[in-house]
Each structure stands twice: as structure tokens, then as C-alpha cells.
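A single chain, nothing else alongside it, follows as C-alpha cells in the form predicted on its own.
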Amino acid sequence: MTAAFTLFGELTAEEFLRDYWQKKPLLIRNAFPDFEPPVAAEEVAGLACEADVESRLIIQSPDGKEWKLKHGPFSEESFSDLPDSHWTLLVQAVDHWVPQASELIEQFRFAPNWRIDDLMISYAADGGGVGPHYDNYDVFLIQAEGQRRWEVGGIFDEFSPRRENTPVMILTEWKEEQSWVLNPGDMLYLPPRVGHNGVAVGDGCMTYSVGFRAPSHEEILRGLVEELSGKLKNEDRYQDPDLEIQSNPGEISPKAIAQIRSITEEYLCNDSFLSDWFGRYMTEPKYPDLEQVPEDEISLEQIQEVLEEGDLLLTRNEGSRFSYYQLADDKVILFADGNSFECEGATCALATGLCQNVNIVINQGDWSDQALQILVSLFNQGSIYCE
């Protein structure tokens, strides 16, 4: 990312990463000048009525003593029955469903693809919010319409006191250290575990949240174990051909621990294994149960026939995840939606291009059969489509 990148106001992307990323909050006034929301409030409500879309309604009493959480999909009657104030509608992964919202995500590619999660939209009536809480990941909060007051303060963790008998996490020992009212186009960055509380100021408050993925150590280790469990043979066992008699048979010797360490290092220090697993793991679809495979598959012969008639414009599926790992100067592994594809020579340009660009133009004479076969596989698994 070049220094000309201006999402952070007068800061460059490099300066932002050096001074603020996972270090301290940053408010950027007018980060998006003349911001036009790519998704209207009516569209947000419409998405919340769809069965495949993850959505929630959080309703609180004006005195803040009672909270209700409802999960979508919702009906039109659900919205007509809402109170006049103190409620919030949250719709997850809007970028998966609305191409224009997906374009907004592209503004945050200063971070690796595998670190970006999704775009959530919050629409709130006056006084609406989800209470003081914290997240375990980085988040950018973009004010799209109306106003929201944000309070920020303190670092919290799983041991921080939270309110009992509420369906959402609410910190009880909350004390704001800073606060701002955000207007359309303003953006607030919050590092992980920083406590924050957003409250709508007036009706028609819409906030976009760009969240980032940060797998826990537990998730990483569990994923590794699951990956290994399907590959190891029953005959892969602890061995000690140089076993010696111990003075006390009850002792677990340092030599035994060294052998256990050697077994774990055999896998954990294998970059080839780790990169292949991690690439597939971090590009798995956010909603793997949702079918994105096209109704009609294509073949290599079909795509070759199409290219004989002219160029082909291919687009990444809005809900797809693409990354790659460089094995050598002329060899990379492309990861897309949990699958991997080895690419060599000129095909590497196809892999890196798909990871960097939403759209890619394919010409008849530019690509090998290997490259075109990868495109066929990506199309048939629903990772790319043709307008």
C-alpha cells in the first residue's frame, strides 16, 4: 500500500499501522467525504428478513435495566411492533450479499485478505445500542447516516465483570475515558479488547462495522489437531529404541519430554504443512452451509470456446475468500474458500491477480490450460462468476 492511501486522513497507511494498529483508538473525521451509503435502511431491513442472512434485534428498556435479543429472519410485522426508541438491528456480512457493500471492504486491503472478516450494518432508533462491551478483534466503525455517540475506555478481558441475566455482553464496571459524536463519513478505529459503547443520537442512525479476523490460540491448535488427525497413521507412535533403565521407574525423564517435543516439532516446524493447512483454514467460507455452487458447471473445453469469441471478465464472489502462499519464485499455492491450487510459472500471475483484484480479464492467448483449469475449478465451486 502506497503513501498516497488516504483512508486515515493525514496519516498514511504505514503510519497508521505503526502508531495505531492494535495500539490505541483513532478517530478520523470525514474519512469518507460526501459518503453515500451503498445500502439503504430499507435494504438492511429487507436483508434481515432473509433466511440465509444472519441478523439480530436488540431491544432495551429506556432505563437500561432490561435487554431482549431476537434472532432473524424477521417479518415485516417484527419491525412494525418495535418501540419508538432504544432498539438496534444488526445485519452481519452485508458485503456477502450486496456488491456495492463489498466494494467498501476493498478500502481496507492494507491488511492481508485472510485478516478481513465482513461488513456488519447496525441500524438504530434514538437511544439504541448494545451496551458497553469489547471485541477480541480490530474494528472500524463508519458512520453512514444519522449520528452515534461513542464512548471508549479501558482494556477488558473474559474475567472482566459483566452483567448477569442479559442476552448480550454488558460490562458492569464501565467508565468512559473519551467520547465523540460521529457524523456521516466519520470513522473510528478500535483495537482489540478496548471497551466501547455506542448510542444512537436521534433516529435513523446507521453504522457500518468492518471487522477483522483474529483466530484464538485455541482455535488454531484445535484446527491443527483436526487436520493432523485425518492424516496420521495408527502406526505413528512414540518410540524409544535407546531406552535405558531408570533409578526410579516413576520418573518422566527429560529425555522423554525431548522426544515428545521432537514429535510436535516434526509438524509444527514444517512450513509446507502449516502454510497449506493455514491457507485452507483461513479461507474457509464464513457460512460454509450456504450453497454457492452454480447450477450449471463448466468444463475446460467450454471456457476455451468462450475465449475464442473474445475476452472474459471474471469476478470474485462477494462472499469468497482468496489468499496465496509463495513457495518459490515461480510457484505459489492459491487458496480459495477452503481449497488449494498449486500454480507454477505464468499461472502464478493468475493466482496473485485473483487475490489482489475483484475483477480479472482473461484473454485467449494469455493463459495455459493449467491456468484455465484452475478458473474452471473456481467457477464450479462458486468462488468466481462471470457477468
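Position 1 is the first residue in the sequence shown; the rest follow in order. Since the model is a prediction, treat every value here as computed from it, not as a measurement.
FYI, the form predicted together with a small molecule isn't displayed, but the following is about it.
Is there a non-hydrogen atom of Gln147 within 4.5 angstroms of a non-hydrogen atom of the small molecule in the predicted complex? No, Gln147 is distant from the partner.
* Asked: Might Val130 be said to contact the small molecule in the predicted complex, defining contact as any heavy atom within 4.5 Å?
  -> Although the small molecule is absent here, Val130 would touch it in the predicted complex, with heavy atoms inside 4.5 Å.
Checklist entry - Given that the partner is absent here, does Asp117 sit within 4.5 Å of the small molecule in the predicted complex, heavy atoms only? => result Contact with the small molecule, no.
Task: 4.5 Å heavy atom contact, Asp135 to the small molecule in the predicted complex - done: Yes, Asp135 is a contact residue.
query: Counting only non-hydrogen atoms, which stretch in 202-210, 304-312, 176-184, 250-258 is within 4.5 Å of the small molecule in the predicted complex?
result: Heavy atoms within 4.5 Å of the small molecule in the predicted complex occur in 202-210.
>> Which residue, Val98, Ala125, Ile105, Leu90, is the contact with the small molecule in the predicted complex, using a 4.5 Å heavy atom cutoff?
In response: Residue within 4.5 Å of the partner: Leu90.
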